[in-house]
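Single chain ahead, written as structure tokens, the form predicted on its own.
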Amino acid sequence: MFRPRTLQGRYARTAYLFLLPAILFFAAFFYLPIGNVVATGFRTGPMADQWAGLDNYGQALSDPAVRHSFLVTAGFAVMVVAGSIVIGLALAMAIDQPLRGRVLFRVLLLVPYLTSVAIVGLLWRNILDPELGVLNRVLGAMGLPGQTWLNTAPLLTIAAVTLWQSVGYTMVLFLAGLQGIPETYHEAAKIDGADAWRRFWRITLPLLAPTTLFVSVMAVISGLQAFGQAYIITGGGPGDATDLSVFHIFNVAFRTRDFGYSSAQSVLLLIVIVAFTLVQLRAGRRGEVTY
């Protein structure tokens, strides 16, 4: 049996032994499924048992329905990313002030994030129901006409629901970033005559660049992978207005039973997500150097 001769080797062996359960977990439930999806993307047939080569990928790149679902997803992701940064930062700056009840307010904002997408989707589908929804009943009690929320602006609606659920998490991240900024910077700026708006643009925002980068990367990944909102709240409708990419892949796999074609689309979506993430990280590093 091999035994490390140096103390460093023994530490390394012990570290790998502790990491072994996590490595096996990721291999079994992450890397192997990804490899299986990649392999299935090269096959066709009801049981994905016939070799197709790159046909599935070529079909996906030329399919108008795939392009439409990606454009819908891109629009959804843009709204989620912009809302996460703007609303999350605004809430964090408000809670960072010495206000009474801010701890309770922070907890209330974080509760939706701890709730599953299925529960949130069912909750808001009932709230927005045009006939029995609570929101239209409130509008009716105020003498205002009810709205068909899921038909008027369905993509904006599910983006707003997504923000309602996730903005508490981004608020906590920005709050941690704000509390990590030394107060001496703001005090020195006040002495120099800088007002609150100038301090925000010259001190707060640049020093929050790492937090903003992390929030934007996570929001892009979450937005491009969104599924439950379309599946539960709108069913991809009206028409294909909320046909998000993962929802479209789900329909191809489990309704048309074309697992090879759906796997190819999944691989292409994974490539897009990785590409966007790398571009954001590279741009963020350049921004940190600039600051």
Partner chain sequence: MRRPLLYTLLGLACLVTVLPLLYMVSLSLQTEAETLAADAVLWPDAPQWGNYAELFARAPFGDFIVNSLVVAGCITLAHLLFDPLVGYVFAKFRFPLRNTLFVALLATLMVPFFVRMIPLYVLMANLGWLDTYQGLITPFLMDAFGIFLMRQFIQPIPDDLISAARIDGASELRIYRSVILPQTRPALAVLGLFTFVFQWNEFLWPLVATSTPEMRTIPVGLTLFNQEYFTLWHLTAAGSVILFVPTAVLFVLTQRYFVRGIALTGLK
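The structure displayed is predicted, hence computed values, not measured ones. Numbering follows the first chain given and starts at 1. What we label the rigid core is the largest C-alpha set whose atoms superpose within 1.5 Å from one form to the other.
Unshown form predicted together with its partner chain; subsequent notes refer to it.
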Would Gly146 sit within 4.5 Å of its partner chain in the model of the complex, counting heavy atoms only? no
Residue-level contact is defined here as any heavy atom of the residue lying within 4.5 Å of its partner chain in the model of the complex; does Arg257 satisfy this criterion? yes
Any of the heavy atoms of Leu155 lying within 4.5 Å of its partner chain in the model of the complex? no
Phe105 within 4.5 Å of its partner chain in the model of the complex, heavy atoms: yes
Would all three of Arg125, Phe214 and Ser263 be in contact with its partner chain in the model of the complex, where contact means some heavy atom lies within 4.5 Å? yes
Only one of Val86, Leu71, Leu139, Leu99 gets a heavy atom within 4.5 Å of its partner chain in the model of the complex. Which one? Leu99
Counting only non-hydrogen atoms, the one stretch of 105-113, 200-208, 77-85, 186-194 within 4.5 angstroms of its partner chain in the model of the complex is 105-113
Going by its partner chain in the model of the complex, which residues of 234-273 come within 4.5 Å of it through any heavy atom? Val246, Ile249, Phe250, Ala253, Phe254, Arg257, Phe259, Ser262, Ser263, Ser266, Leu269, Leu270, Ile273
C-alpha of Leu32 off by 2 Å or more between the shown form and the other one on rigid core: yes
Core aligned, does the CA of Ala15 move at least 2 Å between the shown form and the other one? yes
